[in-house]
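As a starting point, one isolated chain is supplied in structure tokens, in the form predicted alone.
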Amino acid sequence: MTDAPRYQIEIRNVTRRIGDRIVLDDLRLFIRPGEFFSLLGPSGCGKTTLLRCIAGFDRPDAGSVWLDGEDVTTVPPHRRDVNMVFQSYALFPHLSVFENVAFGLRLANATDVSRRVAEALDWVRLSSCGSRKTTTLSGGEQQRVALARAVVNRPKALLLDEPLGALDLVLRHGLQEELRRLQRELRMTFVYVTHDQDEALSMSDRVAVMNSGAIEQIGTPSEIYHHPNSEFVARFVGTANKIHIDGRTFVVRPECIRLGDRPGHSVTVTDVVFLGSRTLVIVDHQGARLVVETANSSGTGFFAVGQKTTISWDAAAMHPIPGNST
């Protein structure tokens, strides 16, 4: 008996070019079994192309893609044990919910289709909707059908390309919780593409931050947020205040800065942004724009544009940016 592979998905020195542009640049990535792994980055950074290489819809110009210890670089998509969920759902409007979920099972001549479809619909909490046409469902329900269809055959990995991007904020937050619950219950590897930092941080076991075809940093959400290894990561993930001290560059997060409760650096308030449970106070410090976040229940008081006050922070809140200086 051989040991199970340490990694479910391995990207080994993958390069992908489209015309003269390098979309993926000698990229290396290793994803563990049962991990919720997010690819986070701005539009055009290569995250969807990477997902398509894993699925088999794109083939690398160099390097290899491994699934469960097997090189699948030249294996066609239908022979890879992965499924993909798109933002557009890609459901069949002429078929019922049940038949949409059963479609892949019937193509594979699977047995016990009814039981497996019922189980998948139960996973996504649509047990009562099997007979309905997909055109009668809400956007959130349609996305759940797409998820059920993707997981019904229990693939080794589920690849999700910004699947919640077309939904409104309330639906999106609800389905984020549902996706995380589903992933934990199935113990399935999820690879999730998003440009939404909050989505990546709240859902993932680990996150890869991508920029211009390369991976800037891989880590847990806490590591990425609290210990960014580049200015790009610091500014893309959350809000970063850049502080220069003795020729070095540090990041201080807005929630770590205190306003006016002790002696500190003199600043002038230039803007105040109310966000319900919190307020962002924008201040000018010797020509530099800094953002301070205060909880509205903290009793910090009201700040007005033009007000003079002070800011301070603990030394432990300062995180150095490697290789960066003034």
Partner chain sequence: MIFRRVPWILLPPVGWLLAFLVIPVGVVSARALTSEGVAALTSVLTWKLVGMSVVVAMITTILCLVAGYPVAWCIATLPRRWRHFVLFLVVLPFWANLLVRTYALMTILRPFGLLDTWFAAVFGLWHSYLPFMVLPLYTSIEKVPVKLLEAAQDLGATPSQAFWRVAVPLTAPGIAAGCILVFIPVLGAFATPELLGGAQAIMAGSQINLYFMSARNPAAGAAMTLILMVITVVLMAAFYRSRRNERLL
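It should be emphasised that the depicted structure is a prediction, and the values quoted were computed from it without experimental measurement. Numbering follows the first chain given and starts at 1.
In what follows, reference is made to the form predicted in complex with the partner chain, a form of this protein that is not presented.
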*Tell me, please, which stretch of 211-219, 79-87, 182-190, 123-131 lies within 4.5 angstroms of the partner chain in the predicted bound form when heavy atoms are compared?*
79-87
*Give a yes or no on whether every one of His226, Gly264 and His319 sits within 4.5 angstroms of the partner chain in the predicted bound form by heavy atom.*
no
*Would you please decide whether Leu91 lies within 4.5 angstroms of the partner chain in the predicted bound form, comparing each non-hydrogen atom pair?*
yes
*asked:* Does any part of Phe103 reach within 4.5 Å of the partner chain in the predicted bound form? Heavy atoms only, please.
replied: yes
*Any non-hydrogen atom of Ser230 within 4.5 angstroms of the partner chain in the predicted bound form*: no
*Non-hydrogen atom contact Arg144 with the partner chain in the predicted bound form at 4.5 angstroms*: no
*Among Thr73, Thr239, Ser202, Asn153, which has at least one heavy atom within 4.5 Å of the partner chain in the predicted bound form?*
Asn153
*So which of Arg52, Arg32, Arg28, Arg258 reaches within 4.5 angstroms of the partner chain in the predicted bound form, heavy atom to heavy atom?*
Arg52
